[in-house]
Structure formats: structure tokens, C-alpha cells
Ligand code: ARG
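We begin with a single chain expressed as C-alpha cells, specifically the form predicted alone.
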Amino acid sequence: MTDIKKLISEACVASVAKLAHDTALSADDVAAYLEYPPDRAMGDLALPCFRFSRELRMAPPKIAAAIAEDIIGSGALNGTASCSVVGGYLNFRIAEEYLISTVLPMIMEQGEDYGGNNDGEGKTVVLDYSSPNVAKPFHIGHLGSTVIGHSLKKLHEFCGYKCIGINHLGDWGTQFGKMIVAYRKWGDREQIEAGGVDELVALYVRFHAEAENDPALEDEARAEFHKLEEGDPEDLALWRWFIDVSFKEYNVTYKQLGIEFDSYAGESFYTDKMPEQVELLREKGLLKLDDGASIVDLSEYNMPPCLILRSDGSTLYPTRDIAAAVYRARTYNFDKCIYVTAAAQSLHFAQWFRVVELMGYPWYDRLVHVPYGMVSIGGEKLATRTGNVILLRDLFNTAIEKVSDIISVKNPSLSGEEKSSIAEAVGVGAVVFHYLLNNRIRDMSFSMEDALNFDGNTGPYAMYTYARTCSIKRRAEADGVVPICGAVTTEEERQLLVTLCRFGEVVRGAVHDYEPSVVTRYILDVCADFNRFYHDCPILNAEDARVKATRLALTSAVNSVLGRALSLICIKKTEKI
């Protein structure tokens, strides 16, 4: 993998060290300072020298000039980049020779492996994501955990980590007491078998509506869940049936997204593993009684108490999460255990992470909560109990239908089966891309119209660009044109290579910040530069054979980088649209 930032930052830190006669700065520090100028005419990278003025006691323009003089004099970047001073900035322009002799050949040789690294070699990462609550349908609110989590899994794998993807199903808790009560009062088995999870959620919604007028229903539900925890055979049979009914729908959604998990161990899996942790809390003197409930007092850390057991002895989310973390540490010996959930759960994770530390587990600092913002509809919070949701299957089906209509017009020669496959990939991809384009921590007011807009910076635009590169490669193969790494003849070609050169840096940044949107926005940069190149620079119609072969190589490089980048954000590639 090429890392032009690293090469430039190493040269800069060496020059700064000479000026300061010593410096605590590292090449990584300088790499973090490097910026991409808003105007490409200013250069490919810029170093703001204002950051060094206090330590060096020099004006920024003088610092920039001194660093430039040292870099040029030492030849540290010969053949890689040139530099020039503009005020207090040191601007760098990547050498065309480096792009064509190093970057392009490397992409051609490595294909879709380009941009990856071995940072995680020998390390194991456990990722807990998606984790829907059984007996409830997949809605747009579940999309965040599912696609952010799977994208982070793919990104970590691309960086050499061994990854364990866990779907920590919400298959335990008082909601099942509610479902059991609701089913016995108003449910019909045949109706549920026919209607699936929709019928289950209808019962759940009805329970809450009835409970507003009859609060005793809540007590009945808690009693039924307690019976479930005690192993009541009838309640266990109903619980397993609810799970089976739910998973019929979940598997359809996971297949559409191309997602598989290494483990489906949900909350119920840890039922027999919780007593050990509760006993350890008692032994360490951490467990206290508060109005009958067992808690860990966290007031010393400016947090509310962490509830471990209800007054009736029933477990809660923290109890299960602690037991699950201990099991995963023992089973997988993880270097990181990542939890992808809504930001609203940040306090919950902060609490039980602290409890794990107080319990003396040495891996407490390897637990990572990756929060994401809330999704609302018209500003209203999503809630299954009120029915205020957009179901994923409805959203996907609407997108697929729209894409299918467009394909029928644009490419009527496609067979029915091929058209159906492409429509599903692009329709689902449109929704996923729209979601992952936002910084994960930002709240989103979901708009069906925006998600299914097929113009501009959208998933279909990115997928169409990828399909275009596939089409050019097919035509070149039919014409016998072979790609070569020749000279760059236009600024469009050079800028495209500069953008491709950044892919490895983008991947590392996305992993470091747990931020798939970095990749999504990069995809749009590649698409914009490629389409500019495509419109301004004839590829297979170029008159000069060597220029034609070089532009084909550039197209192949875009095909490799875009193909990998799309897969890293859970989007299925399609070679035709």
C-alpha cells in the first residue's frame, strides 16, 4: 500500500527537528497536521506551519521556507513530491512519475487488495452489532447498528484483524413476559404463523395500549418473565416459537444486505453464566441493596447506580452484558470488543464498563462502545409500541421497485432474473449508502424521498460508476486492448491517481475512528474524479495506442478501488445497471 502522507510527514518531521535541534514531534503527529487544500491548484497536501511557531519561535512563513529548503536540499522527496511555500503553508504536489511508476502499478498488481494493511495481524476483534429484539420487525432504526457494525467488521478484516461478528439477539427480558401475556389473552397461533412477526408486534402494541388502562398487566408480564427465567416449560415453548417466527423475516433482510454472523448467541445464552458474575460482585463487596434491588454504586464516578438484579431477583441488561463480555474474553481472548448501539445507550455502556473494571478484569479497557445518532421520522422518535416505524422490508421493496422501473427503460435487454438481481442490489444499496453517508454520531430525520433520490451523490450513482468501469473493461477485452502503466497526459488523469492514492489512508482513518462514512464520502470523490476523466479524456477511442492502454489501466484501477470500497460499506457490486 502507498502512503504518501507518511513519506511527506517523515521528511517534514526530520526538517523540523533540525530547526528545533530536537523535537518531541513524530511523523504521525505531522501526518495529522497535513491538510487537503480546498483548491487543488494549491497542491495535493498542505502543511500549516502555524503549529510550529511557538516551539520554533519563528514566523510561519519563515518556518515553511526553512522546511522547504531543507527538504529540497536533502532530496528527501525526490521523485515523490515537490514543495512550495505560500504564506505560512508548505504545499506539496505529488510527482507524476511517482503516481505512474509506483501507485498505478501497485493497484494493478494488488487489485481489490490495494488499500489494505496488516495492522491487525495476530489480533482478534469481537463485534457485537445488529442485535434486534426478537418478536419485533426490522425497521429503519435497526439499520444503523446492522450496517455500521458489518462495515466495521469488513474494515477491520481488510486491516488484517481476525473478526468475530456476534448478533447478540434481544431474546430475553420482560418484553417476553409481555408477549406471553398478550398471546394468551388475544393471540391466535394460525394467524401468527400466517402473518409472521407483524402479528407478534401487533400483540406487543396492543399490550401497551391495554396496560395504560390496566396497569396490572405490567405485573403479570413481570411474573411471566420470572417464570421464564425459572425454566417454565410452557413459557419456554412459546418463547422459542416467537424466536423462530421472528427469524424467518430477519434472515430475508440479512440476505439482502449480504450479512452473515459468526455467532447468534443472544441474551438468553448467558442465563446460566450470570450467577457467577453476581457472586463475584458480592465477594468483592460491590453489590449493595437499594429498595430490594441489587446495585453497584457508581456515585464516585458521577454516574447513577448500575442495576444488577431487580427486587424479585430477575436479571437486567447490565447483568447479561457483563456475563457476555466475560464469556467472550475467555472464548476469543479479544484485543478489542466493539459494541455498536445507539448513542442513547452510552450511559448504560459507561456504567457496566466501569463495573467490569471494578471487578478486576484486566481487559476492561479493550471494551469499545461505538455510538450512532438516532433516526426519527418527521422529527418523531421511532417506537415499535406506538407503530411509528418504517419497516426495512417496505423501504427496500419500494427502492427495488423504483430501480426496476428505471432499469426497464435504460437497459431493456436484461433478462428478468438478471434485472431482478440488479434491482435488488441497487435498491438496497441506495438505502445503505444514504444512511452511511452521514457521520454516524449525527441524528438523522429519515426521508424516503432523499433515500431514493437517484440523482447526485447517491448509492445508485456510485454503483453506476462502478458498472461503467466494468463495461469499459469488457469492451477492451473484446477489442484486445491490454492496460499498461504509461505516462499521464492530462490533469484529469493525474487528479484521479492522486485520489486513488489516498485509499489506504481512508481505510486506516475509518478503522481508527470507527467511522464508515469516511469510506462512503471517499467513494463519491473517486466517482467524481473518474466521471470527469471519462467525459474529458477518451479512453477506448483515444487515437494514440499507448494513451488508450494507460487510460484503460486507470479505469481498471478505479474498478478495483471502487469495488473494494463499496463492499466495505456493505453494498453488493453489480457489473451492469
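If you're wondering where the values come from, they're calculated on a predicted model, not measured in any experiment. Throughout, we count residues from 1 along the sequence that is shown.
Below, we turn to the form predicted in complex with this ligand, even though it does not appear here.
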**OP:** Report the stretch among 345-353, 417-425, 300-308, 247-255 that approaches this ligand in the model of the complex to within 4.5 Å, counting heavy atoms only.
**Re:** 345-353
**OP:** Find out whether any non-hydrogen atom of G120 is located within 4.5 angstroms of this ligand in the model of the complex, and reply yes or no.
**Re:** no
**OP:** Answer with yes or no whether N133 is in contact with this ligand in the model of the complex, where contact means some heavy atom within 4.5 Å.
**Re:** yes
Original post:
Does the 4.5 Å heavy atom contact test between H168 and this ligand in the model of the complex come out positive?
Top reply: yes
**OP:** Give a yes or no for T341: in the model of the complex, does one of its heavy atoms lie within 4.5 Å of a heavy atom belonging to this ligand?
**Re:** yes
Subject >> Partner-contacting position among Y364, Y317, Y327, Y264 - heavy atom within 4.5 Å of this ligand in the model of the complex >> reply: Y317
Original post:
Ok, H434, R468, K336, H142: which has a heavy atom sitting within 4.5 Å of this ligand in the model of the complex?
Top reply: H142
